[in-house]
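Just the one chain here, laid out as C-alpha cells, in the form predicted alone.
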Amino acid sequence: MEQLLTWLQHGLGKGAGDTAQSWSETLLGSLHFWSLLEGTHLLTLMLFVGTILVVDLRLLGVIFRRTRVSLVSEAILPLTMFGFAFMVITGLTLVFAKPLFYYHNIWFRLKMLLLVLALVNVWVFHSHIQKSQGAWDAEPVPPGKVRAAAALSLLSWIAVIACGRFIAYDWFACGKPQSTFINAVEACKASEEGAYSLQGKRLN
C-alpha cells in the first residue's frame, strides 16, 4: 500500500526533469484550484448532511410532525443525492492530492470507519426498517427502531464531520513523539516521517 500511495503522490504523471511534478503534486500546489476544491467539498458536505438532518429530525418526531415521512424524504432526496455525489468526487480528489498524508492520519482513518458505519446504517434502514413505513408514515413520532436508526444516523454523520475537521491538526502526526498505539494505528513506521516513541527515539 505504501509503495502504491508513494507512486500515486510522487510518480503518477511526472515528466522528465528535476522540476517536473506528478499530477498529485501539481494539484496540491495549485493554490486557487485547491481552495476552490476544498470549499466545494465543504459546501456539498453541508448540503448532504443538512438534508439528512431534516429527514432524521422528522423520523425522531421533532419537526414536521404533521407531514408524512415519505413526503419529506421524497422532497429532499434529489438534494441529498446531488450533495453526496459531489461530496464523494471532491473528497476523492482531495485525497488524491495528499494520499500519503491522509493514509497516515488517525482522524482520516477514523472518519472512514465512521463513514462506513453511517452507510451501513443507511442500508439497514432502507432495506429493513423502511419496509414497514406504511404503518408509521403519518405518525407524529415513529416507532422506537425508526428513531434509533435516525439517532444513529445523526451521531455518525456529526462524528464524520468532527473527524474531518480534526484532520487539519497535527496533534498525532507521524514523525512526532507518539504513543505505541498511535504509531501503530497510523502505520508511522512505513511513513516518510517515520515513527518515534514518546521519548523521541526513532522506532524504524
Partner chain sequence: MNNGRFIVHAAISIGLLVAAMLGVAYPVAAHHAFAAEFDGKAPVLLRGKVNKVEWINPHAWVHLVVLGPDGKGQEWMVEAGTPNTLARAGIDRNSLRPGMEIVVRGYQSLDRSCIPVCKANGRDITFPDGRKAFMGSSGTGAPKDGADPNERQ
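Quick caveat, the model's predicted, so the values are computed rather than measured. Residue numbers count along the first chain shown, from 1.
Although not depicted, the form predicted in complex with the partner chain is the subject of the following passage.
Proximity of Pro177 to the partner chain in the model of the complex falls within the 4.5 Å heavy atom cutoff.
Thr40 falls outside the set of residues with a heavy atom inside 4.5 Å of the partner chain in the model of the complex. Heavy atoms of Gly29 reach within 4.5 Å of the partner chain in the model of the complex, making it an interface residue.
In the model of the complex, the partner chain lies within 4.5 Å of some heavy atom of Ala168. Partner proximity in the model of the complex, defined as non-hydrogen atoms within 4.5 angstroms of the partner chain, places exactly one of 131-139, 43-51, 56-64, 155-163 at the interface: 56-64.
Taking a 4.5 Å heavy atom cutoff to the partner chain in the model of the complex, none of the residues in 112-126 make contact.
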